[in-house]
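Listed next as structure tokens is one chain, alone, in the form predicted alone.
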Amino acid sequence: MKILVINTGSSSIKYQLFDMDRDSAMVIGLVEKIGEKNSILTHKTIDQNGDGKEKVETSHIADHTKGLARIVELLTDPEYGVIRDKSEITAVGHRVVHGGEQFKSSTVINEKVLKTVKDNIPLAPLHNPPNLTGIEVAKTIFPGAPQVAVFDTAFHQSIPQKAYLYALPYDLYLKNRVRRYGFHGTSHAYVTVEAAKFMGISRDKFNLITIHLGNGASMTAVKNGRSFDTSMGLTPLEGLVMGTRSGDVDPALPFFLARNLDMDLKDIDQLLNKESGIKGFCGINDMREVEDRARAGDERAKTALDVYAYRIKKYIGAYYAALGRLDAIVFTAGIGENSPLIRSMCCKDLQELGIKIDEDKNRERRKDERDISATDSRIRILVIPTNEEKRIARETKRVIEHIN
């Protein structure tokens, strides 16, 4: 079984083709700058040994239809392809950011599903529209293949009401669906499954805290294998300090900025989402460069790291209390997988909670799943590389096998 996974942005298409018989990607690719004169397509094949060929081409790709058509040409190309014909693709799995309260799991896309995704555009105005574009284009190019939507919000639909409601007039929830939804659900779900396998614990008896640290960052308290609470809220702005997002701030801050700095809503939105977080402290949001600057004595970079790690540590304590019992902490995504410094700072002085890192294991530069906790740590500390595309492919396979 071969499944094509698509993640469509406003001017991009990320794609991977999976061979589900071996549960691994055959092709990884990206189309960028769709609609511009110099669109870029990067296409890489991967064989069973991890080797392969890469092709990078620059041309004018007018729209997403042209982009996906070119992807199909490369997938079937004698030199850079891995299939003879597009009919070999059994199904197409789509990342859809927001499923609202309607979707608690992945689903085959039909007209009712499309309408619901459109209805949720006010909750994800930047993401759901291009996700819909990708679905419409794929339906045209693969008319015989089932299309499956895998929602970023679905994993968090198990969160109890006491965790997802805001203390606002209740009608805002009833009429406008204002509540905590959470994001990065595909990643949190993937590492939950993989961590349970790694530790040999049944997922429905597994309590853990998953820490997804990329340019966007979020944490999830997982109780008995299901999301119980998560740091992002109605939007991805709430929660942890991120690359350019502020995370938690005083809700009255926008009023202060409007009154005293004469900022309008657009300016405040730009400030909190694009100019804050790590970038707000030191002008950059590449964590590798921030760490380098901190080691060289840059005080703002040191402050950025301190605030970043402190916020994570507070959430660890809060989620430990919410869960009552904890088996493991999982670090994942670009920073979580690759920064020994951040992992160390987040776990420092948590021995009384049974959380103790082994600094030698933590400093090892590896790409595989691993346990970096000290031998006397009651709570296991794991590094589990995330793979959202593989999760989407697995979910797509599960859904289409269920309907068949």
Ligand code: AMP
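Nothing here was measured: the structure is a model prediction, and the numbers come from that model. Note that residue numbering follows the sequence shown and begins at 1.
Although it is not shown, the form predicted together with the ligand is what the next lines describe.
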Options 223-231, 262-270, 101-109, 281-289; stretch whose heavy atom lies within 4.5 Å of the ligand in the model of the complex: 281-289
Proximity to the ligand in the model of the complex, single hit among 39, 338, 377, 45 (heavy atom within 4.5 Å): 338
Residue among 219, 304, 195, 333 with a heavy atom within 4.5 Å of the ligand in the model of the complex: 333
Heavy atom of residue 214 within 4.5 Å of the ligand in the model of the complex: yes
